[in-house]
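Shown below, as structure tokens, is a lone chain in the form predicted on its own; questions about how it binds or moves come after it.
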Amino acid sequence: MLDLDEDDDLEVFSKNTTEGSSFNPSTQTSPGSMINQYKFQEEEEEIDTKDIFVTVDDPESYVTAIETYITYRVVTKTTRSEFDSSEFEVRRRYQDFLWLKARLEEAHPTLIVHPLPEKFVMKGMVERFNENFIETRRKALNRFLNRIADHPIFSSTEDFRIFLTADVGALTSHKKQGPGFLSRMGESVRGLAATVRGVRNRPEEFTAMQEYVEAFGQNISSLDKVTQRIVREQKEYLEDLKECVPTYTQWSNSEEELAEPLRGMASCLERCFTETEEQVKELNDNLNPTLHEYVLCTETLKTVLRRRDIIQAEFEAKTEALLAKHADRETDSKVLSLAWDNLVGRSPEEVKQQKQQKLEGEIKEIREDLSKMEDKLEWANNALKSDWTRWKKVMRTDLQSAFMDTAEKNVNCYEKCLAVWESFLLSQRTDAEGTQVSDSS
């Protein structure tokens, strides 16, 4: 998970308590499980067409007098002609990923860039660089880059190619070519003004998108919080389960007649502890990160929709400015101006002609700007509609896969635990019947 309440929520269980167990019943699973037979045809089709593969691995920590940071190895394999080679290996910091995301959003404001993991995920900075944190972030960064690599537009950008291939010096040089701070601040101010002004005639399909995002955000956020709570409760259950094992074992040493069933109980609890560990690990490694990624995605979608609205608001404002200029050209209420111009020796006709020429020039300039803005709005609308369809398809595949994997892990866990306890019951019934036969004889 990327946003958790407890410092131990990134814990990965690995202890195997089944070794040396005196009670080792066979476990049974369902070989014909419907889940095992399920296949994602779309994923199989994409494998044949994918031409760029990216892996983020091998994190390394660096400590300097100024800062402490982590770099990750980014390995790229591709058959694309725009790359100079078929394989590249570079090292990147988290801030480099932030830069790439910002550049993609800047160049394509109404396309959906999947989110990065939050900058800080722990309550205390002491835990910032522990192994679980680093591994969780590595997986999230790996998912982020593969989202970009799978995108038909983002994967073809120069920024993405340079991120994957350039050495540190070349990447730093390329970063400096971006817009300056004042330029970005000016764009933010204009965007804020457009947001305050709002849009008057938003197409219904984008209003429907906003409503969908609001509902989706509420649902996915609730699932995210509930799943985190389930993980915490399961970990508490595991701790209790773990304490029971030595208790039953010690008890068996002092109860000769109950020694075998007590050791059997201890062995069953050991096996169930191990299976539940794997179940919790599946939630932490698969379901939780997927849910939380789409919690963050909700904010991304809201931002993209706001950017589209800003473009439309600017277009509407420019349209209003053009109408105002047309109204000025038609009006004859310039008496005071004409009277003043007469005093300085200029004829009313000359003044009127000059004002008309000035207005015509302004109208022409506004029309040219309006034409460009109309093209920009049309492109933004089409880009968002296309990416929206693509995003929903990817989202549904991701969530369906995460739900199916979780269901399969739960079924396996419960089947194995059930088999453990059934075997224990069978052994106790057999022992009881043997005892009754012995007593009757």
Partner chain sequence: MADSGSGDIAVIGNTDLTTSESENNIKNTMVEKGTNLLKRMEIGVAEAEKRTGKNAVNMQETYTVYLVETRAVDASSEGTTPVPDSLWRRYSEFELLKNYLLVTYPFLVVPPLPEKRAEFVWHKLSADNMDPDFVERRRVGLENFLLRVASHAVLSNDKIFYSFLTEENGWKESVFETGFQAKADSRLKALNATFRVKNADKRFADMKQYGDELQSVISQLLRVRARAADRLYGVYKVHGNYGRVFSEWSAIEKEMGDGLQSAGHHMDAYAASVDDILEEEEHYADQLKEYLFYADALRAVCRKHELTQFELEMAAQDLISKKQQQEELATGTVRTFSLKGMTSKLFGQETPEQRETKLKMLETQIEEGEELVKERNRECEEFVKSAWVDIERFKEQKDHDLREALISYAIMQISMCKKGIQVWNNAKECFSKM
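Treat the numbers as computed from the prediction; the structure is a model and nothing was measured. Numbering follows the first chain given and starts at 1.
Below, we refer to the form predicted in complex with the partner chain, which is not included among the displayed structures.
Trainee: Only one of 247 to 255, 316 to 324, 132 to 140, 69 to 77 gets a heavy atom within 4.5 Å of the partner chain in the model of the complex; which is it?
Mentor: Contact criterion met by 247 to 255 only.
Trainee: Between the options Leu296, Leu104, Leu262, Leu164, which residue brings a heavy atom to within 4.5 Å of the partner chain in the model of the complex?
Mentor: Of the listed residues, the single hit is Leu262.
Trainee: Of the residues Glu82, Glu205, Glu330, Glu236, which one places a heavy atom within 4.5 Å of the partner chain in the model of the complex?
Mentor: Answer to the contact question: Glu236.
Trainee: Even though the partner chain is not shown here, does Asp240 get within 4.5 Å of it in the model of the complex, heavy atoms only?
Mentor: The answer is yes: Asp240 has a heavy atom within 4.5 Å of the partner chain.
Trainee: Would you please decide whether Gln400 lies within 4.5 angstroms of the partner chain in the model of the complex, comparing each non-hydrogen atom pair?
Mentor: So Gln400 counts as contacting the partner chain.
Trainee: State yes or no: in the model of the complex, is some non-hydrogen atom of Met395 no more than 4.5 angstroms from a non-hydrogen atom of the partner chain?
Mentor: Residue-level check for Met395: yes, a contact with the partner chain.
Trainee: Give a yes or no for Glu374: in the model of the complex, does one of its heavy atoms lie within 4.5 Å of a heavy atom belonging to the partner chain?
Mentor: Contact check for Glu374: no, nothing within 4.5 Å of the partner chain in the model of the complex.
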